[in-house]
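Take a look at this single chain in structure tokens; it is the form predicted alone.
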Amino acid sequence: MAFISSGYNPDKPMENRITDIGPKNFEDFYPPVIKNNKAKWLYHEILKPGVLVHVSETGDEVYTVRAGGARLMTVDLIREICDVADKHCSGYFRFTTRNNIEFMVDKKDKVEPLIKDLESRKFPGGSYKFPVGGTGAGITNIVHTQGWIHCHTPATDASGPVKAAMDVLFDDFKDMRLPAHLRVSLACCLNMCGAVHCSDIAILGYHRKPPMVDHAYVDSMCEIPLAIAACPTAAIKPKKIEIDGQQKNSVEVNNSRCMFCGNCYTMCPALPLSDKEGDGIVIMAGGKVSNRISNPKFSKVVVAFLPNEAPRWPSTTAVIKKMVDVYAKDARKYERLGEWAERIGWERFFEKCELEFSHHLIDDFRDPAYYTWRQTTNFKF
């Protein structure tokens, strides 16, 4: 009623509006061919790696060229993307959820000039700015988190390992030789704002040491009750500390209960968690989201720890490359990595991928929800 009394008309929300606060309607950003054929598409095909065609019941076609991008981009690179879109696509393009860039044209004869333009653009070091690929039974871009650039609790970098991993997997980005599509993800800590819990191959940053307590600053920098309440395992409790003859309020960490999540550091900068030797990478495998062939699956830990080896992470990339090559050679058509591992047995998976097995890798999670929660949209009687 307050809005109506002030002159707001819900039937004409933009009437007399003097600001552009809030997002515009997403339909304003559709290319005309897509807007004109919404809900009329009959089928789509992958013509070759990186190129798709969608055909409408009206006879209209839209050709999509997918190019690899990056999660963190400079303004200059985004302006160059806009230049390509202005030149070939009437200014329209879109980002995918995995940080690829899709340029859409409405005529087949526009596809090759677009591809040539994209692949002619290179960085000073010689690498492609916009490599075309990432479709079908291959590897698309790696979705990842913030890493050392823009996060306060990472156990590994994000952009660094992703760049190194995509360099060794680049041929499979440009090709479709795999049995099925393969999704790789990275999260730089256990809080997992990346999709590593359900990816074919997942790179997970892992802290192995509890937070250090800087007693001299806890009381002056932190709300101690917040730091205590932030701990999901109740591993932190208040403690009185004497420093230079003065008694200060501080906290104590029960190391055996700590799961190294970094929540306390989020609340209290005097509880730093990062450690050069303690931080590193866990490799997980076998997860997926889709219901195709089998139910969705959670990823399983297959390598318990690898050190951070900036700038190229050779141990991590070698493990990932080996897994992909063995999967490509051994799996059946349409079989996802986890389905292949379950068919041959996880013991054989470790043997074929030359991975060392230890007691740290035993999957013993059997919460009641493991059996009772619906994990799929597949119909059950």
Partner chain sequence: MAKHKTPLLDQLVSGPWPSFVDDMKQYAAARAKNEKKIEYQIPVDVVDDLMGLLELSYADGTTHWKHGGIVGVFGYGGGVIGRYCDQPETFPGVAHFHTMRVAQPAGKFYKSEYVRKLCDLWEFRGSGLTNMHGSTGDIIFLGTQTPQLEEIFYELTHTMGQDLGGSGSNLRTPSDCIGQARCEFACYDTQDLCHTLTNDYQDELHRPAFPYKFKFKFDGCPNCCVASIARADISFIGTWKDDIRIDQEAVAGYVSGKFKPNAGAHAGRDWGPFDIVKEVIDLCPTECMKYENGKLAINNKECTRCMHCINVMPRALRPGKETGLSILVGAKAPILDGAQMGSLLVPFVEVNKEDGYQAIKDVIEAIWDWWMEEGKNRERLGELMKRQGFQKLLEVTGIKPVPQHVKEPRHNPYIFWKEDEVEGGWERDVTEYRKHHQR
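This one's a predicted model, so the numbers in the text were calculated from it and none came from an experiment. Positions refer to the first chain, counted from 1. Heads up, when I say rigid core I mean the largest set of C-alphas that superpose within 1.5 Å between the two forms.
Only in words, not in the display: the form predicted together with the partner chain, which the text now covers.
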Indicate whether the partner chain has at least one heavy atom within 4.5 Å of a heavy atom of His359 in the predicted complex. no
Consider Met166 of the chain shown here, and say whether it contacts the partner chain in the predicted complex, taking contact as heavy atoms within 4.5 Å. yes
Taking heavy atoms and a 4.5 Å cut-off, does Pro124 contact the partner chain in the predicted complex? yes
Distance check, Glu45 to the partner chain in the predicted complex, heavy atom within 4.5 Å: yes
For the interface check, one of 235-243, 109-117, 248-256, 134-142 should have non-hydrogen atoms within 4.5 Å of the partner chain in the predicted complex; which one? 134-142
Partner contacts in the predicted complex for 284-298 (non-hydrogen atom within 4.5 angstroms of the partner chain): Val289, Ser290, Asn291, Arg292, Ile293, Pro296, Lys297, Phe298
Yes/no, Cys231 Cα shift of 2 Å or more between the shown form and the other one with rigid core fixed: yes
Indicate whether Met104 shows a C-alpha shift of 2 Å or more between the shown form and the other one, with the rigid core used for the fit. no
C-alpha of Val184: shift of 2 angstroms or more between the shown form and the other one, rigid core aligned? no
